[in-house]
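Read the single chain below, which is given as C-alpha coordinates and is the form predicted alone.
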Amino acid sequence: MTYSGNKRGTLAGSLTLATMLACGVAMADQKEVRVYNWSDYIDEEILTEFTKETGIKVVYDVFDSNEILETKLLAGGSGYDVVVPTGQFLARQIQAGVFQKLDKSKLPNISNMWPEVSNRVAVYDPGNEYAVDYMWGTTGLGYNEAKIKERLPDVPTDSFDLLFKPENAAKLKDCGIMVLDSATDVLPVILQYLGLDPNSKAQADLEKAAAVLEAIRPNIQKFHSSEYINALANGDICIAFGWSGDILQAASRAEEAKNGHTIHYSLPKEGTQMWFDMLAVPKDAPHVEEAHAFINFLMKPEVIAKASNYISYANGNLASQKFIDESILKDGAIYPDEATLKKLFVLLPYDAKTQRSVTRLWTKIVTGQ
(Lines give C-alpha, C1' and ligand atoms only; values in the text may rest on other atoms or scores of the structure.)
Protein backbone atom coordinates (compact mmCIF):
# COMPACT_ATOMS: atom_id res chain seq x y z
CA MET A 1 0.00 0.00 0.00
CA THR A 2 2.82 2.33 0.86
CA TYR A 3 4.46 1.63 -2.48
CA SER A 4 1.24 2.13 -4.36
CA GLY A 5 0.62 5.34 -2.53
CA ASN A 6 4.10 6.57 -3.39
CA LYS A 7 3.63 5.52 -6.97
CA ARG A 8 0.34 7.41 -7.21
CA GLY A 9 2.01 10.45 -5.74
CA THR A 10 4.86 10.19 -8.19
CA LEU A 11 2.46 9.71 -11.10
CA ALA A 12 0.37 12.69 -10.02
CA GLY A 13 3.49 14.76 -9.68
CA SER A 14 4.64 13.67 -13.12
CA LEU A 15 1.23 14.54 -14.62
CA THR A 16 1.23 17.94 -12.92
CA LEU A 17 4.72 18.67 -14.22
CA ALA A 18 3.76 17.46 -17.69
CA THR A 19 0.62 19.62 -17.64
CA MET A 20 2.60 22.65 -16.52
CA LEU A 21 5.19 22.06 -19.22
CA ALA A 22 2.47 21.61 -21.83
CA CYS A 23 0.75 24.82 -20.72
CA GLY A 24 4.06 26.61 -20.81
CA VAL A 25 4.72 25.45 -24.35
CA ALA A 26 1.17 26.41 -25.36
CA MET A 27 1.57 29.84 -23.82
CA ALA A 28 4.95 30.25 -25.49
CA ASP A 29 3.47 29.18 -28.82
CA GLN A 30 0.37 31.39 -28.61
CA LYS A 31 0.55 34.08 -31.23
CA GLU A 32 -0.25 37.66 -30.34
CA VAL A 33 -0.62 41.06 -31.91
CA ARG A 34 0.06 44.27 -30.00
CA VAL A 35 -2.24 47.12 -31.00
CA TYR A 36 -1.96 50.79 -30.01
CA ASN A 37 -5.14 52.70 -30.85
CA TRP A 38 -7.07 55.79 -29.80
CA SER A 39 -9.20 55.56 -26.67
CA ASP A 40 -12.92 54.70 -27.05
CA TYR A 41 -12.29 53.66 -30.65
CA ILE A 42 -13.41 50.07 -31.16
CA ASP A 43 -16.12 47.63 -30.21
CA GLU A 44 -14.22 45.21 -27.95
CA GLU A 45 -16.26 42.31 -29.32
CA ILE A 46 -14.22 42.71 -32.52
CA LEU A 47 -11.05 41.84 -30.63
CA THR A 48 -12.70 38.77 -29.13
CA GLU A 49 -13.96 37.68 -32.55
CA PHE A 50 -10.50 38.11 -34.08
CA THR A 51 -8.92 35.89 -31.44
CA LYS A 52 -11.68 33.31 -31.82
CA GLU A 53 -11.20 33.19 -35.59
CA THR A 54 -7.40 33.28 -35.72
CA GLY A 55 -6.17 32.09 -32.34
CA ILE A 56 -4.12 35.30 -32.10
CA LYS A 57 -4.29 37.08 -28.76
CA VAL A 58 -4.76 40.86 -28.91
CA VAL A 59 -2.81 43.03 -26.49
CA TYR A 60 -4.63 46.34 -26.79
CA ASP A 61 -3.40 49.69 -25.43
CA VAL A 62 -4.79 53.20 -25.99
CA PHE A 63 -3.56 56.77 -26.34
CA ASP A 64 -5.33 60.11 -26.77
CA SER A 65 -2.94 62.27 -28.78
CA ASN A 66 -0.85 61.88 -31.92
CA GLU A 67 2.09 63.39 -30.10
CA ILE A 68 2.15 60.54 -27.56
CA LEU A 69 2.13 57.96 -30.34
CA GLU A 70 4.77 59.81 -32.34
CA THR A 71 7.12 60.03 -29.38
CA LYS A 72 6.98 56.25 -28.94
CA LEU A 73 7.46 55.58 -32.65
CA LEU A 74 10.40 57.92 -33.07
CA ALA A 75 12.11 56.50 -29.97
CA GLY A 76 11.91 53.03 -31.53
CA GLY A 77 11.28 49.71 -29.82
CA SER A 78 7.65 50.54 -29.01
CA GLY A 79 6.77 46.84 -29.07
CA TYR A 80 3.59 47.50 -31.04
CA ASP A 81 2.57 45.72 -34.23
CA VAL A 82 -0.34 47.90 -35.38
CA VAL A 83 -0.65 51.61 -34.62
CA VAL A 84 -3.21 54.22 -35.68
CA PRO A 85 -1.68 57.61 -36.55
CA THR A 86 -3.65 60.43 -38.13
CA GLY A 87 -2.84 61.25 -41.75
CA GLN A 88 -0.49 64.21 -41.46
CA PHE A 89 1.47 62.51 -38.69
CA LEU A 90 1.64 59.34 -40.76
CA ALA A 91 3.25 61.30 -43.61
CA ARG A 92 5.96 62.69 -41.39
CA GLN A 93 6.54 59.31 -39.78
CA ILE A 94 6.85 57.60 -43.18
CA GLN A 95 9.55 60.12 -44.05
CA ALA A 96 11.28 59.34 -40.75
CA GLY A 97 11.35 55.66 -41.70
CA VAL A 98 9.35 54.33 -38.74
CA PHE A 99 6.94 52.15 -40.80
CA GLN A 100 7.33 49.18 -43.08
CA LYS A 101 5.50 48.82 -46.36
CA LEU A 102 2.41 46.64 -46.15
CA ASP A 103 2.51 43.25 -47.84
CA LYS A 104 -0.70 43.56 -49.83
CA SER A 105 -0.59 39.88 -50.78
CA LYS A 106 -1.53 39.26 -47.13
CA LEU A 107 -4.36 41.81 -47.27
CA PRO A 108 -6.94 40.36 -49.70
CA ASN A 109 -9.67 42.46 -48.09
CA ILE A 110 -7.96 45.60 -49.34
CA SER A 111 -10.23 45.26 -52.38
CA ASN A 112 -13.06 46.53 -50.16
CA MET A 113 -11.53 49.97 -49.67
CA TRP A 114 -13.25 53.18 -50.82
CA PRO A 115 -11.42 54.89 -53.75
CA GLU A 116 -12.61 58.36 -52.63
CA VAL A 117 -10.90 57.89 -49.27
CA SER A 118 -7.84 56.06 -50.61
CA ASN A 119 -7.22 58.87 -53.11
CA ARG A 120 -7.37 61.51 -50.39
CA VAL A 121 -5.06 59.69 -47.98
CA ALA A 122 -2.57 59.24 -50.82
CA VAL A 123 -1.59 62.83 -50.03
CA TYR A 124 0.06 61.40 -46.93
CA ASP A 125 0.98 57.96 -48.26
CA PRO A 126 1.61 58.03 -52.03
CA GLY A 127 0.47 54.78 -53.57
CA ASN A 128 -1.16 53.74 -50.28
CA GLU A 129 1.94 51.66 -49.58
CA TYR A 130 2.29 52.01 -45.83
CA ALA A 131 -1.20 52.29 -44.39
CA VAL A 132 -4.90 51.53 -44.72
CA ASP A 133 -7.67 53.83 -43.54
CA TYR A 134 -9.40 52.75 -40.33
CA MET A 135 -11.81 55.65 -39.76
CA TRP A 136 -12.25 59.17 -41.03
CA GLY A 137 -14.27 62.13 -39.94
CA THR A 138 -14.37 65.85 -39.44
CA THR A 139 -13.85 68.35 -36.66
CA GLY A 140 -16.71 70.57 -35.59
CA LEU A 141 -18.94 71.66 -32.74
CA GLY A 142 -20.87 69.49 -30.35
CA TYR A 143 -23.50 71.34 -28.38
CA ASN A 144 -26.31 70.92 -25.88
CA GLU A 145 -29.45 72.07 -27.67
CA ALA A 146 -31.34 73.46 -24.66
CA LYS A 147 -28.36 75.18 -23.03
CA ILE A 148 -27.34 76.92 -26.26
CA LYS A 149 -30.92 78.07 -26.95
CA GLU A 150 -31.18 79.45 -23.45
CA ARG A 151 -28.02 81.55 -23.75
CA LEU A 152 -27.75 82.31 -27.48
CA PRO A 153 -31.25 81.91 -28.95
CA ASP A 154 -30.53 83.99 -32.05
CA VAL A 155 -27.06 82.68 -32.93
CA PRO A 156 -26.96 80.10 -35.77
CA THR A 157 -25.46 76.76 -34.77
CA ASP A 158 -24.11 76.01 -38.27
CA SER A 159 -21.19 78.43 -37.96
CA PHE A 160 -17.99 78.53 -35.94
CA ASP A 161 -19.14 81.99 -34.83
CA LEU A 162 -21.05 80.12 -32.14
CA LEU A 163 -17.79 79.46 -30.33
CA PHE A 164 -15.08 81.65 -31.83
CA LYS A 165 -16.79 85.02 -31.38
CA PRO A 166 -15.69 86.23 -27.93
CA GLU A 167 -19.11 87.65 -27.06
CA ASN A 168 -20.68 84.23 -27.69
CA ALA A 169 -18.03 82.29 -25.79
CA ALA A 170 -18.48 84.65 -22.83
CA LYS A 171 -22.17 83.73 -22.63
CA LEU A 172 -21.34 80.03 -22.71
CA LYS A 173 -18.65 80.10 -20.05
CA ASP A 174 -21.05 79.32 -17.21
CA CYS A 175 -22.31 76.12 -18.81
CA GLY A 176 -18.89 74.87 -19.90
CA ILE A 177 -16.65 74.90 -22.98
CA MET A 178 -14.08 72.24 -23.91
CA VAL A 179 -11.66 72.23 -26.85
CA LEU A 180 -9.55 69.44 -28.32
CA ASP A 181 -6.00 69.45 -26.98
CA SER A 182 -4.60 69.14 -30.48
CA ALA A 183 -3.01 72.07 -32.27
CA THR A 184 -3.09 70.33 -35.65
CA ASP A 185 -6.84 69.78 -35.38
CA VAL A 186 -7.76 73.24 -34.15
CA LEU A 187 -5.49 75.91 -35.65
CA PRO A 188 -5.95 74.90 -39.33
CA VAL A 189 -9.74 74.95 -38.88
CA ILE A 190 -9.50 78.47 -37.46
CA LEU A 191 -7.40 79.51 -40.46
CA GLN A 192 -10.21 78.24 -42.72
CA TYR A 193 -12.75 80.09 -40.54
CA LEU A 194 -10.73 83.30 -41.04
CA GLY A 195 -10.74 82.80 -44.82
CA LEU A 196 -7.04 81.90 -44.87
CA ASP A 197 -5.32 78.83 -46.28
CA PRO A 198 -5.75 76.08 -43.66
CA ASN A 199 -2.37 74.69 -44.78
CA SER A 200 -0.59 78.00 -44.38
CA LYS A 201 2.83 77.78 -42.76
CA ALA A 202 3.24 81.57 -42.53
CA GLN A 203 3.97 82.63 -38.97
CA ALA A 204 1.70 85.65 -39.29
CA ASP A 205 -1.24 83.44 -40.29
CA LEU A 206 -0.63 80.96 -37.50
CA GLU A 207 -0.52 83.82 -35.01
CA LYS A 208 -3.88 85.11 -36.32
CA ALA A 209 -5.40 81.68 -35.69
CA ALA A 210 -3.86 81.55 -32.22
CA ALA A 211 -5.25 85.02 -31.46
CA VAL A 212 -8.82 83.76 -32.06
CA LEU A 213 -8.34 81.12 -29.38
CA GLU A 214 -6.53 83.47 -27.03
CA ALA A 215 -9.50 85.84 -27.21
CA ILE A 216 -11.85 83.13 -25.91
CA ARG A 217 -9.30 81.38 -23.68
CA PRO A 218 -10.68 82.83 -20.41
CA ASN A 219 -14.00 81.13 -21.18
CA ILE A 220 -12.60 77.66 -21.96
CA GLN A 221 -12.98 75.20 -19.12
CA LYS A 222 -10.53 72.60 -20.40
CA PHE A 223 -8.42 71.43 -23.33
CA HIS A 224 -8.72 67.65 -23.59
CA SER A 225 -9.07 65.12 -26.39
CA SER A 226 -11.52 62.67 -24.84
CA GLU A 227 -13.14 64.01 -21.65
CA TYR A 228 -15.60 66.13 -23.61
CA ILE A 229 -17.49 62.99 -24.69
CA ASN A 230 -18.90 62.22 -21.25
CA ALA A 231 -18.98 65.89 -20.29
CA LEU A 232 -21.35 66.61 -23.17
CA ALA A 233 -23.39 63.47 -22.60
CA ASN A 234 -23.86 64.24 -18.90
CA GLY A 235 -24.67 67.92 -19.39
CA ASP A 236 -21.49 69.04 -17.62
CA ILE A 237 -20.59 71.30 -20.55
CA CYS A 238 -22.72 72.91 -23.23
CA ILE A 239 -20.30 73.05 -26.16
CA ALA A 240 -17.13 71.35 -27.36
CA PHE A 241 -14.84 71.67 -30.34
CA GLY A 242 -14.15 68.03 -31.11
CA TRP A 243 -14.09 65.09 -33.48
CA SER A 244 -17.35 64.21 -35.20
CA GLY A 245 -17.61 60.62 -33.98
CA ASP A 246 -16.83 61.52 -30.38
CA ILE A 247 -19.62 64.09 -30.35
CA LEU A 248 -22.05 61.64 -31.93
CA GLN A 249 -21.04 59.12 -29.27
CA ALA A 250 -21.90 61.73 -26.65
CA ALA A 251 -25.29 62.19 -28.30
CA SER A 252 -25.92 58.43 -28.21
CA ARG A 253 -24.89 58.15 -24.57
CA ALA A 254 -27.19 60.99 -23.56
CA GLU A 255 -30.06 59.41 -25.46
CA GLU A 256 -29.45 55.99 -23.90
CA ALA A 257 -29.25 57.51 -20.43
CA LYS A 258 -32.51 59.42 -20.99
CA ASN A 259 -31.02 62.23 -18.94
CA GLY A 260 -32.83 65.06 -20.71
CA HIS A 261 -29.79 66.30 -22.64
CA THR A 262 -30.00 66.47 -26.44
CA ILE A 263 -26.59 66.72 -28.10
CA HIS A 264 -26.04 67.74 -31.72
CA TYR A 265 -23.00 67.81 -34.00
CA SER A 266 -22.55 70.83 -36.25
CA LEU A 267 -20.41 70.62 -39.37
CA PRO A 268 -20.04 74.41 -39.80
CA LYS A 269 -20.76 76.13 -43.10
CA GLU A 270 -17.26 77.64 -43.26
CA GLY A 271 -15.90 74.16 -43.94
CA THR A 272 -13.58 72.13 -41.77
CA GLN A 273 -10.92 69.47 -41.70
CA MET A 274 -11.41 65.97 -43.05
CA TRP A 275 -9.03 63.72 -41.13
CA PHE A 276 -8.04 60.09 -41.47
CA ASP A 277 -6.86 57.61 -38.86
CA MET A 278 -4.67 54.99 -40.48
CA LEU A 279 -3.62 51.42 -39.71
CA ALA A 280 0.15 51.04 -40.04
CA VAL A 281 2.87 48.58 -39.02
CA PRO A 282 6.03 49.91 -37.29
CA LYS A 283 9.31 48.94 -38.94
CA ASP A 284 10.41 47.09 -35.80
CA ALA A 285 7.06 45.37 -35.14
CA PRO A 286 7.74 42.02 -33.44
CA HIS A 287 4.71 40.22 -34.94
CA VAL A 288 4.44 41.25 -38.59
CA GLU A 289 2.38 38.26 -39.79
CA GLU A 290 -0.13 38.79 -36.99
CA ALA A 291 -0.25 42.53 -37.75
CA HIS A 292 -1.30 41.83 -41.32
CA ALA A 293 -3.86 39.29 -40.12
CA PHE A 294 -5.36 41.90 -37.78
CA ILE A 295 -5.53 44.61 -40.44
CA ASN A 296 -7.04 42.21 -42.96
CA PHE A 297 -9.65 41.16 -40.39
CA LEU A 298 -10.60 44.80 -39.80
CA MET A 299 -11.06 45.26 -43.53
CA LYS A 300 -13.84 42.69 -43.62
CA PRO A 301 -16.93 44.78 -44.48
CA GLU A 302 -19.08 43.41 -41.65
CA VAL A 303 -16.26 43.82 -39.10
CA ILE A 304 -15.36 47.44 -39.83
CA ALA A 305 -19.09 48.23 -40.08
CA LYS A 306 -19.47 46.92 -36.54
CA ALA A 307 -16.77 49.36 -35.43
CA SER A 308 -18.50 52.26 -37.21
CA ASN A 309 -21.85 51.33 -35.70
CA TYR A 310 -20.27 51.31 -32.24
CA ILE A 311 -18.30 54.57 -32.41
CA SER A 312 -20.35 56.55 -34.98
CA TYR A 313 -17.45 57.24 -37.34
CA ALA A 314 -17.28 56.78 -41.09
CA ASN A 315 -14.72 54.25 -42.30
CA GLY A 316 -12.70 53.95 -45.49
CA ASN A 317 -14.29 50.67 -46.56
CA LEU A 318 -16.87 51.08 -49.32
CA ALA A 319 -18.14 47.50 -49.11
CA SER A 320 -18.98 47.98 -45.43
CA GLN A 321 -21.73 50.50 -46.10
CA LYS A 322 -24.42 47.87 -46.61
CA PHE A 323 -23.75 46.69 -43.04
CA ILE A 324 -23.76 50.15 -41.43
CA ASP A 325 -26.81 51.27 -39.47
CA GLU A 326 -29.03 53.43 -41.66
CA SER A 327 -29.13 56.16 -39.00
CA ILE A 328 -25.34 56.50 -39.34
CA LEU A 329 -25.02 56.06 -43.10
CA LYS A 330 -27.70 58.69 -43.81
CA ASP A 331 -26.40 61.16 -41.24
CA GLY A 332 -24.78 63.97 -43.22
CA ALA A 333 -22.53 64.81 -40.28
CA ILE A 334 -20.92 61.37 -40.57
CA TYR A 335 -21.17 60.66 -44.31
CA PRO A 336 -21.35 64.15 -45.88
CA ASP A 337 -22.92 64.72 -49.28
CA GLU A 338 -20.86 65.71 -52.33
CA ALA A 339 -21.36 69.46 -51.82
CA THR A 340 -20.16 69.28 -48.23
CA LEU A 341 -17.22 67.05 -49.13
CA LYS A 342 -15.95 69.80 -51.41
CA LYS A 343 -15.74 72.17 -48.42
CA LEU A 344 -13.61 69.77 -46.41
CA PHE A 345 -9.87 70.29 -46.56
CA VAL A 346 -7.11 67.74 -46.08
CA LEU A 347 -4.33 68.94 -43.78
CA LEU A 348 -0.84 68.57 -45.19
CA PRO A 349 2.00 67.57 -42.83
CA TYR A 350 4.00 70.33 -41.17
CA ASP A 351 7.73 70.60 -41.67
CA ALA A 352 9.83 70.53 -38.48
CA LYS A 353 10.12 74.32 -38.27
CA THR A 354 6.36 74.89 -38.61
CA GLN A 355 5.63 72.10 -36.13
CA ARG A 356 7.86 73.75 -33.52
CA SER A 357 6.14 77.08 -34.11
CA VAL A 358 2.67 75.52 -33.83
CA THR A 359 3.67 73.67 -30.65
CA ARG A 360 4.94 76.89 -29.05
CA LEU A 361 1.76 78.76 -29.92
CA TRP A 362 -0.40 75.92 -28.64
CA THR A 363 1.47 75.61 -25.35
CA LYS A 364 0.99 79.32 -24.76
CA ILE A 365 -2.75 79.04 -25.47
CA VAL A 366 -3.35 75.97 -23.31
CA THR A 367 -1.32 77.15 -20.33
CA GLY A 368 -2.54 80.73 -20.67
CA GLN A 369 1.05 81.96 -20.25
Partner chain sequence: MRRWFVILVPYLWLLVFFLIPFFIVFKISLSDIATAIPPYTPTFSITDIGGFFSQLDFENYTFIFQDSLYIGAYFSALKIAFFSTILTLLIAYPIAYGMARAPREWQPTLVMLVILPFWTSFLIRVYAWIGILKKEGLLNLFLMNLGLISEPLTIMNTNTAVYIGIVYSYLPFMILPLYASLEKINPALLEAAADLGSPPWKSFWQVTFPLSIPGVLAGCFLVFIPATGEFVIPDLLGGSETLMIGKTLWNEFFNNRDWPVSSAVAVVLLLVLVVPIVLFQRNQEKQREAGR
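Only a predicted model underlies this, so the values are computations on that prediction, with no experimental measurement involved. Here, rigid core means the biggest group of C-alpha atoms that superpose within 1.5 Å across both forms. Positions refer to the first chain, counted from 1.
Although not depicted, the form predicted together with its partner chain is the subject of the following passage.
- Segments offered: 243 to 251, 171 to 179, 190 to 198, 119 to 127. Contacting its partner chain in the predicted bound form at heavy atom distances within 4.5 Å is 171 to 179.
- No member of the trio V155, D158 and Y313 reaches its partner chain in the predicted bound form with any non-hydrogen atom inside 4.5 Å.
- Put simply, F223 is close to its partner chain in the predicted bound form: some heavy atom of it is within 4.5 Å.
- By the criterion of a heavy atom within 4.5 Å, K208 is excluded from the residues contacting its partner chain in the predicted bound form.
- Its partner chain in the predicted bound form is approached by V98, whose closest heavy atom lies within 4.5 angstroms of it.
- The closest non-hydrogen atom of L341 lies beyond 4.5 Å of its partner chain in the predicted bound form.
- Distance criterion of 4.5 Å from any heavy atom to its partner chain in the predicted bound form singles out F89 from the list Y265, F89, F294, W136.
- When its partner chain is considered in the predicted bound form, only one residue from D43, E70, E32, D331 comes within 4.5 Å through any heavy atom, namely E70.
- Residues of 229 to 265 placing a heavy atom within 4.5 Å of its partner chain in the predicted bound form, in sequence order: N234, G235, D236.
- When two forms of a protein are overlaid on their rigid core, residues whose CA moves 2 Å or more are considered shifted, and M274 is not one of them between the shown form and the other one.
- The rigid-core alignment places the CA of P218 2 Å or more apart between the shown form and the other one.
- Relative to the superposed core, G176 shifts its CA atom by 2 Å or more between the shown form and the other one.
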